[in-house]
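Quick setup: one chain, the form predicted on its own, written in structure tokens, and binding and motion questions come after.
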Amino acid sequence: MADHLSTARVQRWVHGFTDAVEERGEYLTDLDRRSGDGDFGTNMTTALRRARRALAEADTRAGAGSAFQVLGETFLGHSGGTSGPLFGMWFRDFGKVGAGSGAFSLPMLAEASANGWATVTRLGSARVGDRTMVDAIAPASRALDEAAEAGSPLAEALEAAAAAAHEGAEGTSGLLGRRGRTSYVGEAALGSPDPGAVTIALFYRAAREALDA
């Protein structure tokens, strides 16, 4: 099995992530109805479909980060809602790390995830436990860091990151929101995970699946 994510595999990652979000669009929107404006799934799928069209026209051979640069530009320029720009900056950090390189190695993925975590934390003023996408980003980033330090195979590292992100996302169902609209909902949101965190879990799972493609 490959120990890197080539430009072609990154494109599969992005398309797989887009497919996963589209398949769960109604579910994500339903989660947002319980804790926010009720437009999260619609905004995500609309932006990702726009990005898919942009990717079809873009030259993604320039580097492994090219597809993420397209995602970042699309979300920053066209996505709605409060989370759209945060996802745009998240994708942009992956694009920056992969720029000019033919593939993502495990250390590069760990760096991109850590950078994205720092960016989302700075811009969104969210910390672990606030019931946001950070609750999935943080454990996944830690898993990648630990795997990189241990010299683990990429497949093992991505599986650990995907599992950690999923666990973190599911854990938000027991948290009271402290940022954004969900902070006004209070206990009404309990029992349902945060849609942004669920989306981050889908992002890491798509990375793992792209490695097998």
Partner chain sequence: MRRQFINDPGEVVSEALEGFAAAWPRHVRWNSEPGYLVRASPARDKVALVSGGGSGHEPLHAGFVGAGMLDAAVPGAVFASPTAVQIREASLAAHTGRGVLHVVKNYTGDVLNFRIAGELLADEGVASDIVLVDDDLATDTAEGPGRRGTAAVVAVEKVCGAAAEEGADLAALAALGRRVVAGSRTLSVALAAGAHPGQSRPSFDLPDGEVEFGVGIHGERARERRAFAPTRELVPQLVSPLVEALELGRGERVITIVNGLGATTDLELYGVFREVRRLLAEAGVEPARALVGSYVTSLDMAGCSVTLVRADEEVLRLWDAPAATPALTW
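As the structure is a computational prediction, the values presented were derived from the model and not from experiment. Positions refer to the first chain, counted from 1.
Another form, the form predicted in complex with its partner chain, is not on view; read the next lines as being about it.
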Triplet E22, R34 and T42 all within 4.5 Å of its partner chain in the predicted complex via a heavy atom = no
Residue (of M108, M89, V128, A103) lying close to its partner chain in the predicted complex, criterion heavy atoms within 4.5 Å = M89
request  = Report yes if any heavy atom of S79 sits within 4.5 Å of a heavy atom of its partner chain in the predicted complex; otherwise report no.
outcome  = yes
query = Wondering, does K96 line up within 4.5 Å of its partner chain in the predicted complex on heavy atoms?
reply = yes
task = Output the sequence-ordered list of residues from 121-155 with at least one heavy atom within 4.5 Å of its partner chain in the predicted complex.
result = R122, L123
